[in-house]
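This document opens with one chain alone, in structure tokens, the form predicted alone.
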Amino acid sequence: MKELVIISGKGGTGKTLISASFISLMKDAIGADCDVDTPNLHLLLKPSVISEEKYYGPKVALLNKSKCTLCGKCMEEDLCRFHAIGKGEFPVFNSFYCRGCGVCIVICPEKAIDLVEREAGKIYTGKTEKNFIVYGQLEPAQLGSGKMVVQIKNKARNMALEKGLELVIIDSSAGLGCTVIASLSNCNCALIVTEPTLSAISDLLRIIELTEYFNIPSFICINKCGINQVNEKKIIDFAREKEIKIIEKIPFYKDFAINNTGEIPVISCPESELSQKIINTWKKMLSLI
């Protein structure tokens, strides 16, 4: 079983559109949306939810008032580096600031503080006509996005193994943060979707540094070609310098940008030139995987 991760560095390059199209082109595929802060793969593929489970983020401190003797040690200035403990009739623990470091537990002589799990979101398994999709939604202001991505990937991987499937397609979040690093962990290769803009080129350079650091074979797909030929040449020259294969250059289609409602994968219209480009991209990726 292999994992293909689709990343972009910059948001808005068309990464999720290509991910959804790839999944739609497979029979009995497992797709995983690892953008847990703003998941949108399910908005394109519209799966029926067949299961959901609670996700618990990092543990937070909770005071047992019946044991507290108001000694004030946990409220000493600069004890909590995250400023999660305020003063009141009893110590006030702010769960949004707490990182579960446990220093308050160590300092409390009465053992009146515990670390407890807190529900931070949900992980869903959905089923389309042909495929299974695993995705999650982190609650606002909650922590543990990287941990949630790991759980989503493990769930997708286990489903693939149980069903005897050979490939998991992972739609990563944009950027270079912990969710992207968690998405790339233990993957077989990465497809970087970029566009000929200065911000996309800047993020392309950084995301390639990341894949090189983890020794992950990477390929590039340039989307929206034609909007800036100078920037497009910069991407081509950089890919040549880094010896990274550009597997496809997808032109910018103005009509699609104007008329697309974002509700269906573009591959649903296979007769279009854009669909043919994405199909060719998928065939090339299959041969490389």
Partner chain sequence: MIISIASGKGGTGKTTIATSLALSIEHGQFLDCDVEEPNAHLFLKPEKEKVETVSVTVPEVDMNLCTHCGECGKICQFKAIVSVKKSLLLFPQLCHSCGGCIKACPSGAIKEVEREIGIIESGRVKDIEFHHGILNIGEAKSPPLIKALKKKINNSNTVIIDSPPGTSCPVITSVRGSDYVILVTEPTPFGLNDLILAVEMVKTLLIPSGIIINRSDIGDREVFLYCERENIPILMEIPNNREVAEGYSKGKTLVETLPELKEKFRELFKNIKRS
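Numbering follows the first chain given and starts at 1. Worth saying up front: this structure is predicted, and the values here are computed from it rather than measured.
There is another form of this protein, the form predicted in complex with its partner chain, and it is not shown here; the text below is about that form.
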Self-check item: Interface stretch in the predicted bound form with its partner chain - options 48-56, 243-251, 64-72, 224-232, non-hydrogen atom within 4.5 Å
Solution: 224-232
Quiz prompt | Non-hydrogen atom within 4.5 Å of its partner chain in the predicted bound form for each of Met1, Arg157 and Asn188 | solution = no
Quiz item: Heavy atom to heavy atom, is Glu209 within 4.5 Å of its partner chain in the predicted bound form?
Solution: yes
Quiz item: Does its partner chain come within 4.5 Å of any heavy atom of Gly100 in the predicted bound form?
Solution: yes
Quiz item: Using heavy atoms and a 4.5 Å limit, would one call Ser218 a contact residue for its partner chain in the predicted bound form?
Solution: no
Quiz item: Though only this chain appears here, would Leu44 touch its partner chain in the predicted bound form if you measure heavy atom gaps against 4.5 Å?
Solution: yes
Quiz prompt | in the predicted bound form, the residue from Ala84, Ile181, Val150, Ile123 that sits within 4.5 Å of its partner chain by heavy atoms | solution = Ile181
Self-check item: Sequence-ordered residues of 123-156 touching its partner chain in the predicted bound form, heavy atom within 4.5 Å
Solution: Gln137, Leu138, Pro140, Ala141, Gln142, Leu143, Gly144, Ser145
